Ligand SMILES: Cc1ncc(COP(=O)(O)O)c(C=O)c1O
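One chain comes next, on its own, written out as structure tokens in the form predicted on its own.
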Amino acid sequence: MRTFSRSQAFFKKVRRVIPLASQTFSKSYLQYVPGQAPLFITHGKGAYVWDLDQNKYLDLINGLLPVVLGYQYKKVDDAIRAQLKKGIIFSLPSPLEYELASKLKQLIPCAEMVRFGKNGSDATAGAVRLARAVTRRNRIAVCGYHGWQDWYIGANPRNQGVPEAVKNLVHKFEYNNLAELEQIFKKYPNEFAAVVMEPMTSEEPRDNFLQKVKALTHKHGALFILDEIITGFRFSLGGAQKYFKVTPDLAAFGKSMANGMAISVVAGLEKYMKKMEDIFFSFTFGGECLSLAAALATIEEMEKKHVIQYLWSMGAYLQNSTRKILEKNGLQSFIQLKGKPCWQLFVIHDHQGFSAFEIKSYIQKALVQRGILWAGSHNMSFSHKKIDIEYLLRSYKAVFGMLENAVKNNTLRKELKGKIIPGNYSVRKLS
């Protein structure tokens, strides 16, 4: 049986000096069953990671999606080492900035020009500031999760510290609900700078939804911005915009483009991106060279090894097989596996008096004991091999069978012993 004594002891020490004991909500203790899961990772290799207690796990989270090739991927690590011998950051721009910008221009439909950041929030905030400068308007309509900064997070429950005036400028609309977006436009005519949305999470776009949002946005004089922080370099090398054949005015990319190194991109049409020279989007580490080198190496490897096709084919096998196991155990009415094969999300509902969090906690606890790091998604990587997927599927057969019995016999809560995932805040609404 896996134990987590070192992890628990270290957690107490860390929490005295780091609020939350983590830099990221989705990596914190709030996402894991108390005392029944690891809290710190010491190292990773390929598709696996090791915790403080020296337990080994098949990783289905992959750093919240940046690790697209795998941990310690040689081609990328070699590029980082080679650049390290030359320097990390300089007093003037590096030629690597041009090399990567030119490559992105080849791949991404909207990327006539690009600017670099370090995380997704940099890119989405930069795109929003640019849209406001171009349109001279303030309101933003949003659909999805777009980072931690004030302009967006003010519309969410965890919005303490955001001024009321800023909160009032962001308006949410539901995915596939064009009428709701139109009502927002009508309520505040000529006041919207942009619509910012994730092209897809768990729900498929219906009836040319993305194209219709773009047309409606332009009709009302606003810019259409796609947040491709996740979908970029997973749906295709050109992002979901290339996959769905809809070219935005601006887009934000990040996560998977550098296999774990910190880099993001604001990409867009030249007529808008030129305005970047007038707004303030500037920071010391925007041109940090290790990340630029890693991104170039990652993209080259993804092209050479047909990584996108692999993520989709292996992901489709996993997705279809998992759905069959759910159905065989009669769980499909309250557990669904949605999304595209390259990024799949479990959607769990309350069932027979048990909350979705209790059900998720039961699954997570059982999978962790089988050496699987799971938080409710399949974040595919190139290092997930057939043997890994087969082991995961065998684990699902056992765990979902146990879950079926625990629900049927009303023993689920007793087996959990009151220990459930403590976090009850989600950045995305999944249905």
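Numbering starts at 1 and runs along the sequence shown. As the structure is a computational prediction, the values presented were derived from the model and not from experiment.
Form predicted together with the ligand: not shown, discussed below.
Among heavy atoms of Asp150, none comes within 4.5 Å of the ligand in the model of the complex. For Gly120, a non-hydrogen atom is located within 4.5 Å of the ligand in the model of the complex, even though that partner is not displayed.
Using a 4.5 angstroms threshold between heavy atoms, Glu198 counts as touching the ligand in the model of the complex. At a distance threshold of 4.5 angstroms between non-hydrogen atoms, Ile230 is in contact with the ligand in the model of the complex. Shown without its partner, this chain lists Phe354, Tyr310, Tyr145, Phe244 as candidates; in the model of the complex, only Tyr145 has a non-hydrogen atom within 4.5 angstroms of the ligand. Taking Lys340, Arg115, Lys255, His171 one by one, only a single residue has any non-hydrogen atom within 4.5 Å of the ligand in the model of the complex, and it is Lys255. Figure note: of the listed segments 322-330, 120-128, 275-283, 84-92, the one touching the ligand in the model of the complex, with heavy atoms no more than 4.5 Å away, is 120-128.
Of the residues in 61-89, none comes within 4.5 Å of the ligand in the model of the complex through any heavy atom.
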